[in-house]
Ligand code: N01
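Only one chain comes next, encoded as structure tokens, the form predicted alone.
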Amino acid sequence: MGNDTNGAVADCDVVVVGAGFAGIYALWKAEQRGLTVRGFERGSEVGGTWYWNAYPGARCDVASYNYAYFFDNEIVREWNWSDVCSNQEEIQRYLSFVAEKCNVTRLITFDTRVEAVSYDAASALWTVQTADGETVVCRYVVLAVGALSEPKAPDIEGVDSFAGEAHFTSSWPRDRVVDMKGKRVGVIGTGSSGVQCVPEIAKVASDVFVFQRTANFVTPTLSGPMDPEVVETMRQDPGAVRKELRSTYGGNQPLYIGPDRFNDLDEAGREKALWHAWEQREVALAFWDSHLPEANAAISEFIRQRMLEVVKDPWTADKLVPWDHPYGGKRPCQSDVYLQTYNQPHVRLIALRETPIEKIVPEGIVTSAETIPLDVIVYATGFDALSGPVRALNITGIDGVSMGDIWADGPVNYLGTMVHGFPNLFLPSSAMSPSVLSNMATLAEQQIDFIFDTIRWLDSNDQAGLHPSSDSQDFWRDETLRFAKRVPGALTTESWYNGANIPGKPRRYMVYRGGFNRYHEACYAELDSGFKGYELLSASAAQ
């Protein structure tokens, strides 16, 4: 921190935007490296996604054994999870516990939205401006804004005309309980949020109408008591667990993987393997080579049949089953109660492909077939995912070039963390990293480690900064596409993985599917090579 020859002054070394998994760890890591740091969070508490998504039934579908920090032995050994799939309230309490344990809460300015981030090439410094008018000048910016933090606005005529209550799952009220007892409730959207909230709403509402555009795969959760033996093994050597997580495909330690290859089994053997994996609640990993198209097809059909068996009404069952894409083509869902909810007489599915919503009126929702009177509308309409949180910020880089312009045709970056023309600006959990198809907690630690190892390298080598070359970005775009082509349905399914859920959003596949282990190796190969895929800014050049 200090002055350069142009007279610019850095208020701190690092600004971290966001206080979820990545943001909390980034603040701690900065201080551990002897850097001065400021944090900004638009929420009133830490938690990020787990602060805002406080809707009924919100929980994680990644096992708590893995969905946690492993950088500190005391944190691993002192915290006790109550469930293998923890709910929103418990995860937020956990993040608050970690933030206090690491003494980083004091570094965060809460209830503050960052509205502009701009780079000055002469000084090699960034200026971060908040909606409250505060400006902070720094050397490095870590935009830990998450992959799922920019809500998708409903593109329905008459949204503002509704006379009842309307709430988004992505920004559920924190200051009061939403009372839906005895009310007529419409839920728009059947992704993960809709799948989780519908059963809870059905417990109290008089009538529930679920408006579904696209059916999703729904399989049982891993939910249940934590296994004391597994917990004790983790606590013996958290560092070893951390290393192992980074060596796996998804940043997870699967509890079960089928031991046999699909093509080595006959029909009876495959059926047996599928049932065994189903009972282990890991049907997606029924075979050692479950990624093969033929194995995926068998898994997909098996899940469809299990879904059909749950729902009693044949028409409803058929509409809830995803016939148009294979398992994993879009974000699958998990629930032990969602499908069963449709067996209750006061819960009704509205298939929007047959009877689309025409408009919202003061009394409710008008479809092409009827007007449905409602007291409450719940928008489980998801997010402008992955690239949306970055595009929502007014970011300008070298020569005043806007990130919005650079990403006009879809996101571009290298290793999912940096963009050409924006030196020292880091984007953990953004597009074209393993992101939402990996364990986000493991990814947060890995990316923040890589970012601060990069900063340490710059300081040790008298470099003012770096940003990836255009060639590196082109290579990474091609790599992301190359691995996506190997996944059944990845490039043929309309999903938020490629921006298809946002009208007018450019289509670009935004998740790196080469595996967490390969991604981790690629990041540190750059560090080991002296960042050959980047353009370096020497300290003297910045002066």
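Small disclaimer: the values here were computed from a predicted structure and weren't measured. We number the residues from 1 along the sequence you see.
Form predicted in complex with this ligand: not shown, discussed below.
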Quick one: from H467, R270, R246, K330, grab the residue that has a heavy atom within 4.5 Å of this ligand in the predicted complex.
K330
Listed residue (R281, R348, R213, K101) with a non-hydrogen atom within 4.5 angstroms of this ligand in the predicted complex:
R213
Report whether the minimum heavy atom distance between R306 and this ligand in the predicted complex is within 4.5 Å.
no
Quick check on R93: any heavy atom within 4.5 Å of this ligand in the predicted complex?
no
Though only this chain appears here, would D155 touch this ligand in the predicted complex if you measure heavy atom gaps against 4.5 Å?
yes
Any of the heavy atoms of D61 lying within 4.5 Å of this ligand in the predicted complex?
yes
Quick check: do S192, R353 and G382 each get a heavy atom within 4.5 Å of this ligand in the predicted complex?
yes
Report the stretch among 457-465, 330-338, 231-239, 68-76 that approaches this ligand in the predicted complex to within 4.5 Å, counting heavy atoms only.
330-338
Heavy atom within 4.5 Å of this ligand in the predicted complex: which residues of 81-115 qualify?
none
